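Presented below, as structure tokens, is a lone chain in the form predicted alone.
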Amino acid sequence: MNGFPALSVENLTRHFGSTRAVDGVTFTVESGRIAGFIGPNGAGKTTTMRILATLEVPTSGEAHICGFSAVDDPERVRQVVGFMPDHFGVYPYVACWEYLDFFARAYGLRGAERRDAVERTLAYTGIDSVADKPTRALSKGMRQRLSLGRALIHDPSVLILDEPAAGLDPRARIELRRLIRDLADQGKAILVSSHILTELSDIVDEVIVIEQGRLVAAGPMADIRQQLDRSCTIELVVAENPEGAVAWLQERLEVRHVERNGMKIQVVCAEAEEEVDEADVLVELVGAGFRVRRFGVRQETLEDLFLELTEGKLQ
């Protein structure tokens, strides 16, 4: 990458009249990393992605792919980026292999190189078995695979995926996640947006959160948790005497909040997660005579961070 980040935006803005769809956003994504791009509807995610894919021109700021400017050198950018939009058009009577062949030609692939690219992409995305079917006959999952194949046909260094799992059944989503993780392991930088945060958290290396066009947070989830000074949440189930267990925990730890439902107890502590040794707490709890059926320190999910960082405001 000649020392440049695989993907970077700096003070990026895009205005539509009085609406600031993107308002001074700055972040980078390095090769081999998956960045989850999240925010409420209308936050500016798709506009940012379209600028990176050279389909929109920013009002101001910089957007670079592999060191090439998306504004000043769009042709070079298109050779190193693959864009999978949230909705893509298909030619209904064209076979899958013909569809990919069309885009391979558009990227300048010729002869054996083009044929190899089509065959490789069909096999990699798992649609080689339906290569001769017209695109109109494909299921939603197969169409998403075909759309991903279109983005991959020229072997780009950077992938920009806008809601790739939208409308997929559970098996198709799992398979798509595996494909995305494998592509990152091959060294590709991937920026992926999704509203299915529980699934996104399974594959991303870092998150970029925007709201009302502005950057709210960016970085690995652990770093964002630390910036928020998040508390520790202990969840346990006891066989008996839940009141006594709660009293013991309140004496042992600095407790902010307690919820109890039967034998199930949730305790929110003032201490950060890394300051609480859950093994020691469990040993001491059992040593105090409490019969513990289940015990653990709950890690904050991507959904938790999203709700903490955003307010759901629309522009």
Partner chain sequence: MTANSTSTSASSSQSGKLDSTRLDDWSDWLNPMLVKEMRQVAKSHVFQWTFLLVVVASWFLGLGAIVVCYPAIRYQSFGRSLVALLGCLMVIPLVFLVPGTMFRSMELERREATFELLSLTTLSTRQIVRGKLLSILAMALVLWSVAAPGLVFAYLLGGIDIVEVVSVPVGLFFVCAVASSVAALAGSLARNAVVVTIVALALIVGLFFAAMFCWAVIGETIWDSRLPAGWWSDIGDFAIALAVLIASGASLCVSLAAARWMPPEVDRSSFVRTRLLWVAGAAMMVVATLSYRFPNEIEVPLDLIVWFTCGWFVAGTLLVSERTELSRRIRRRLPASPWRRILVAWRIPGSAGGYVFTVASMAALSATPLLVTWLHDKPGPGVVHSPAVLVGPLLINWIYFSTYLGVVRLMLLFVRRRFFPQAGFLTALLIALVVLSAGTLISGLLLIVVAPFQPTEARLLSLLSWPARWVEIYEAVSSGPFLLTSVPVFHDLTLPATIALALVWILNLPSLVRGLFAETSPLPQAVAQAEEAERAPPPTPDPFAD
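Remember, it's a predicted structure, so these values are computed and weren't measured experimentally. Positions refer to the first chain, counted from 1.
One more form of this protein exists, namely the form predicted in complex with its partner chain; it is left out here, but the text below deals with it.
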>> Which is the contacting stretch out of 235 to 243, 182 to 190, 209 to 217, 169 to 177, given heavy atoms within 4.5 Å of its partner chain in the predicted complex?
In response: 182 to 190
>> Suppose contact means a heavy atom within 4.5 Å; in the predicted complex, does that hold for all of R50, A70 and E98 with its partner chain?
In response: yes
> Any of the heavy atoms of V94 lying within 4.5 Å of its partner chain in the predicted complex?
Replying inline: yes
>> Is V90 near its partner chain? Define near as a heavy atom within 4.5 Å, in the predicted complex.
In response: yes
>> Does any part of A106 reach within 4.5 Å of its partner chain in the predicted complex? Heavy atoms only, please.
In response: yes
> Is P85 one of the residues lying within 4.5 Å of its partner chain in the predicted complex, judged by heavy atom distances?
Replying inline: yes
